[in-house]
Ligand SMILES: O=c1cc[nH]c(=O)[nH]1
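Here you get one chain, nothing else, as structure tokens; it is the form predicted alone.
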Amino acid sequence: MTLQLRVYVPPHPLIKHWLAVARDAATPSVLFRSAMTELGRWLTYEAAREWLPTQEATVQTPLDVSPATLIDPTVPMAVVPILRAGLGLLEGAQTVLPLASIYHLGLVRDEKTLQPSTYLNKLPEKFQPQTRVLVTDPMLATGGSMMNAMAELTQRGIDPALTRIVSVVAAPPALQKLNDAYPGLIVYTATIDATVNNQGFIIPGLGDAGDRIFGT
């Protein structure tokens, strides 16, 4: 069976609400940050479904013994926010994955060529086998930054099938590139917009997520 990129747009009313808040140009930076935190939380909650490793156990209730399913603490987990905008989703993601290690990856996009370059890389030389990785980046526009991030992760031993991407707005150019290169990958996003303009911004999108998060 041929693998294909899977993209989920969860129909959760809280995701829709906070997406609307984030899209609104009148939303001040402090509220925009709150929207990113909430979107990070609820999208990570959805991404964790059937992805978190579990183990079967038994627990003693006040009345009897009961079977139980617990998160397996022996399987390593990591969250990789793509700086700087990916930091906006990190706080919410951490509320769902509190034991995950955090590895920062800083990428900047050339405004003329739209090609990314790395200015910070805190990834380990090698990840442990079976490590689950969640990558956060609000905007999947041209796909350059995420392709760069995935290349860094896979050369360090990460399996794309065990990786989840959390974004707020995705666009076809990025999704097509990811599908071509990493067909086993799964993306969770609040919405998919149809257009990317010549400056590399998603239309209608929500503007420059990094600038709006940090008020710059």
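Computed from a predicted structure; not experimentally measured. Each residue number is its position in the shown sequence, starting from 1.
The discussion below concerns the form predicted together with this ligand, not included here.
*Asks:* Take the pose in the predicted complex, superimpose it on this chain at the site, and classify the pocket for this ligand as open or blocked using 3 ligand atoms within 2.4 Å of backbone or C-beta as the minimum for blocked.
*Replies:* Judged by the transferred pose of this ligand in the predicted complex, this form is open (no ligand atom within 2.4 Å of backbone or C-beta).
*Asks:* From the candidate stretches 133 to 141, 69 to 77, 94 to 102, 120 to 128, select the single one in contact with this ligand in the predicted complex, where contact means a heavy atom within 4.5 Å.
*Replies:* So the stretch in question is 133 to 141.
*Asks:* So, R23, P28 and G215: all three within 4.5 Å of this ligand in the predicted complex by heavy atoms, or not?
*Replies:* Judged in the predicted complex, none of R23, P28 and G215 sits within 4.5 Å of this ligand.
*Asks:* Can you check whether G200 is within 4.5 Å of this ligand in the predicted complex, heavy atom basis?
*Replies:* Result yes; G200 sits at the interface with this ligand in the predicted complex.
*Asks:* Taking heavy atoms and a 4.5 Å cut-off, does P10 contact this ligand in the predicted complex?
*Replies:* Looking in the predicted complex, residue contacts with this ligand do not include P10, since no heavy atom lies within 4.5 Å.
*Asks:* Scan 109 to 131 and note down the residues that get a heavy atom within 4.5 Å of this ligand in the predicted complex; none is a fine answer too.
*Replies:* Contacts from 109 to 131: just R109.
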